[in-house]
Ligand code: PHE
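Okay, so here's just one chain, in structure tokens, the form predicted alone.
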């Protein structure tokens, strides 16, 4: 007898799981860095416009693929386009998710180290230079970062092993509200800093003269990557949706909450860096060097540092769970493995890649491919090639190869719910989104 497919127990659970997949380290530091580098308020307005058009449309297309097929990222294309080459788009998502699990677990492990340092009161270097030196010494160490990668992967493995309802859904329902509570606490603390109003002005008061083609393309890129599309996560999660779920409303809820987290992160960071006269466009050093230095200049600095890195760890964990699930579901369904065996293979192989990526900052730093270390290579390939290509494949497939009536019936639950903007969505997916994603990809590759 055919085993019934697992589904999320509640709408809250599936929204929290989908939001958890979308929200990651990119929301907490990549978005503020991009906004800081591209004009603050001007970037914010363009970003919101882009995420509500491009990000929402591609997410809804992935929701359609997952629920219509009730299969993993590869199985979805096999069901909807049997005996075709479109399954390559699914393989692209699975491979991208697997690669990201490998190097993302390294940065996730760094958050655990900084939680430990904050909790023990050891995160108290005296200057930016000392924080920088401590960070470089830690990341180049051959043992401690690998230990944290192992612990992070073990936590992820345990949650995925519990399954959709008891693992992914329950964890998301616990961690996502906690993430919002922590963000609000940090926002309040940041707004209490001297001169914080200047940071808010920079973030919320747009200077439209700063909107250039580069700003628009950067905002498009951030919008695309922010909502976790192109890597199979939303296809896989949507395959666990039941047929009564209102997918357009769910997609809007996920995108809105994801955007809210990015804005709250900006409210945390911009007043803080403005108060201490620091530039926000510093990449990873903003999180692991600059902000710890700022926290140590506040009363109860270790406490605020601890709260912040717990926030980062939660964001990282909810994202890596969804990435792990993409590959686990693929192995479980396509190779008829038990969920236990599939999850174990993903965890062990992901940990092996994590070790290599971690050591590429230290003992393997001499190994460079195309002039970059292994960690940076995987980051570049996935972010600049595989994810945009995945998103483009999905748009072309849904827009050009799926029957329009079938698409509308699935998105409206056979006409039982209203989707007034269906034809707008269809035009976006068929014509506009593929062109925009191609432009983003070209921009990310530095060809403009």
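Definition used throughout: the rigid core is the maximal C-alpha set that superposes within 1.5 Å between two forms. Fair warning: this is a prediction, and the values are worked out from it, not measured in the lab. Positions refer to the first chain, counted from 1.
Although not depicted, the form predicted together with phenylalanine is the subject of the following passage.
*Are 98, 102 and 328 jointly within 4.5 Å of phenylalanine in the predicted complex, each by at least one heavy atom?*
Checked in the predicted complex: no contact with phenylalanine for any of the three.
*Thinking of phenylalanine in the predicted complex, which stretch from 249 to 257, 154 to 162, 211 to 219, 315 to 323 has heavy atoms inside 4.5 Å of it?*
Partner-contacting stretch among the options: 315 to 323.
*asked:* Quick check on residue 27: any heavy atom within 4.5 Å of phenylalanine in the predicted complex?
replied: Residue 27: yes, in contact with phenylalanine in the predicted complex.
_Can you work out whether residue 14 and phenylalanine are in contact in the predicted complex, taking contact to mean some heavy atom pair no more than 4.5 Å apart?_
Outside the cut-off, so no.
_Please determine whether residue 226 contacts phenylalanine in the predicted complex, using a 4.5 Å cut-off between heavy atoms._
Heavy-atom contact with phenylalanine at 4.5 Å: present for residue 226.
*Could you confirm whether residue 269 comes within 4.5 Å of phenylalanine in the predicted complex, counting heavy atoms only?*
Contact check for residue 269: no, nothing within 4.5 Å of phenylalanine in the predicted complex.
*Using a 4.5 Å cut-off on heavy atoms, which residues of 361 to 377 contact phenylalanine in the predicted complex?*
Heavy-atom contacts to phenylalanine in the predicted complex: nothing from 361 to 377.
*Would you say residue 63 moves its Cα by 2 Å or more between this form and the one not shown, aligning on the core?*
No, its C-alpha moves less than 2 Å.
*For residue 387, decide whether the Cα shift between this form and the one not shown is 2 Å or greater, given a superposition on the rigid core.*
No, shifts by less than 2 Å.
*Please check if residue 398 moves between this form and the one not shown, taking a CA shift of 2 Å or more relative to the superposed core as movement.*
Superposed on the core, residue 398 moves its C-alpha less than 2 Å between this form and the one not shown.
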